[in-house]
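What follows is one chain in structure tokens, specifically the form predicted on its own.
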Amino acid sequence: MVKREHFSAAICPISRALDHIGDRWTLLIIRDAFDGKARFTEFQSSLGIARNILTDRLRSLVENDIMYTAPTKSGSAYQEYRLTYRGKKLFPLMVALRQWGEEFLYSANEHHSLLIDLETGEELPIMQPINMSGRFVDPDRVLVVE
């Protein structure tokens, strides 16, 4: 197996972030955590992921302070995995990925899940970056400075 290169010293923040959340299983675990799943068996059942891979990804998420372990609410001997503050800050990324998928990966009449604001009952608007003045910014109007 080829050893994966780490980007912990990279100048690019995207490279560094990918060291923590950069594979599909990790993002799907985070998605499931946002959807209310917390127990190992819930993640495994939802994802159909091998136990050893799930164990590895959960361990990494805990080590990277994206999730933490806690006793179950039922008081059983099992533990739950919950999102930390740092993990919850991934919500905009997950919404953006979801909306990109909805726009480009489904046919016009194909059914897919929706993300609804519990307070208003409305679907979330399309996420877009804004500048400090509140103006929407597109990729042609930004500059990466190193």
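For clarity, every value in this text was computed on a predicted model and none was experimentally measured. Note that residue numbering begins at 1 and tracks the sequence as displayed.
Below, we turn to the form predicted together with a further copy of the same chain, even though it does not appear here.
Though the partner is left out of this view, L90 does reach within 4.5 Å of a further copy of the same chain in the predicted bound form, counting heavy atoms only. Contact annotation for L118: at least one heavy atom lies within 4.5 Å of a further copy of the same chain in the predicted bound form. Residue contact with a further copy of the same chain in the predicted bound form: E102 places a heavy atom within 4.5 Å of it. In the predicted bound form, at least one heavy atom of F34 sits within 4.5 Å of a heavy atom of a further copy of the same chain. Interface residues of 113-146, taken as those with a heavy atom within 4.5 Å of a further copy of the same chain in the predicted bound form (partner not displayed): S113, L114, L115, I116, D117, L118, E119, T120, E122, E123, L124, P125, M127, Q128, P129, I130, N131, M132, S133, R135, V137, D138, P139, D140, R141, V142, L143, V144, V145, E146, in sequence order.
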